[in-house]
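Below: one protein chain in two forms, given as structure tokens, structure 1 then structure 2.
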Structure 1
Amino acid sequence: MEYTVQQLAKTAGISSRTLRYYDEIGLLKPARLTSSGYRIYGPKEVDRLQQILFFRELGVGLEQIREIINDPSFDSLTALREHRVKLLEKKQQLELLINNVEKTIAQYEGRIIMTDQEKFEGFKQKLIDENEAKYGKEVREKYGDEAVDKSYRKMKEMTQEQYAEFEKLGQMVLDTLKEAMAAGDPASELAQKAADLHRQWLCFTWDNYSKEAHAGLAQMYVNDERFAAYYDRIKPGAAKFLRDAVLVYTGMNRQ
């Protein structure tokens, strides 16, 4: 079956403008153009659009989607199986949040009493799931499944106060790092404060701290563009500056 832009947009539940934009950026080209210049989409394009929308639902950017599905090695069936796994994880997260809301309602109605830990289970699980989806493969390869799983368990067991302090420290690392970069010296007092704050932040989830692991993680921030982007959003070069500050802090810069 073939579709015009308006027909396919209606079928897929998106706007005609979106389809035209996908064509403009080389993400979804029509099967052909009519003599009048109208875009016509066939079964192949319908399947491709479905893949695109799956990726979008999972939060993947358009540029990355284009790279993935234009790759000669891209396999639709493999991608669909991966979509299923990730959507099931998302479903589990939503069910956890729904359960959390229901328990909170029950507490307000006086039917149960929730612990502070229970109140934040859903939010902590969301953070864990997001970290696993983004960085799980690389971190597990570097530190092993046991270390990563212990870190997740430690996060789940945080009290309300500990979780608030964890988030506060994370922001303090970014704020101090940005301020230290103005001086431009990773060995400065302020840069070393940022490295120490980073250590404190890590210890909320690490089972055991070591200087070697700290330095290795800081290097990963530079090597992996996703980690680098997280820190570089405060200022270009922040990931490298933090890495250098941590190397000084741990003494690994002398090796």
Structure 2
Amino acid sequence: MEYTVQQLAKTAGISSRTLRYYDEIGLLKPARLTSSGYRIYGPKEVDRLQQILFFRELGVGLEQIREIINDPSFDSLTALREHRVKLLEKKQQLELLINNVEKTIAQYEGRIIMTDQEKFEGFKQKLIDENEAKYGKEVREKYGDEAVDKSYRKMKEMTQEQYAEFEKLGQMVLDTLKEAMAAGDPASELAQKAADLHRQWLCFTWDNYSKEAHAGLAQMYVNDERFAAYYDRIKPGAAKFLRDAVLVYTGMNRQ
């Protein structure tokens, strides 16, 4: 089959301008030119265009596409298999995004509550399997088991008002913690108030509070960098300070 610019453009679902541009930058040159200078594309060009569009769909720059497919060691079949994998990943990400929008609808309808993290799930590209692995295994097996899962579910069941109260309390924990750190003593009155606020805050999502669990969680804040980052962004060492305060508060520091 031979095609003129517009014919090929139509079958490929792109514009003729795009084809001329691809010619201009040396990405896809026509098979030949007619005597009057019209571009004519053949079967090879059709396949090459298809490859180009696969790469383009995956966000690869035109310049880079040219380098890739002009490379003598380039193998179409291998490339196609890679496309397939990437597209499947993209589909997974899209499913995350659909999940996100459905959750967000539920949130707007007041049925559930979302964390800020969740609100952007599916937008980010890379951390797909990392998240899967990390979130699914490590956290739940190492610390979370049941409890993390349960607390998450409970938070999702919160109403708007409850959540506002929850956030406010969370902010108070941080504020009090920061103020208490200025003094520097985890046993101080202010630090103990922070620990108490923290307990109240936890009780929003915890079914049954225990000193042991509270102290254990505080220790986890120090061990796990992701939790630590949450508190340390207020002030470096905040996670440790909170742990110490909680250890005093729960009386677990004497063991």
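Between two forms, the rigid core is the largest collection of C-alphas that superpose within 1.5 Å. Structure 1's sequence is the ruler for residue numbers, which start at 1. None of the values given here were measured: they were computed from a predicted structure.
The first of the two standalone chains is derived from the form predicted on its own. With the core held fixed between structures 1 and 2, residue 194 has its Cα displaced by at least 2 Å. Core-superposed comparison between structures 1 and 2: the Cα of residue 247 travels 2 Å or more.
Residue 182: CA moves 2 Å or more between structures 1 and 2 after rigid-core fitting. Taking the core as the reference frame, the CA atom of residue 169 shifts 22.6 angstrom between structures 1 and 2.
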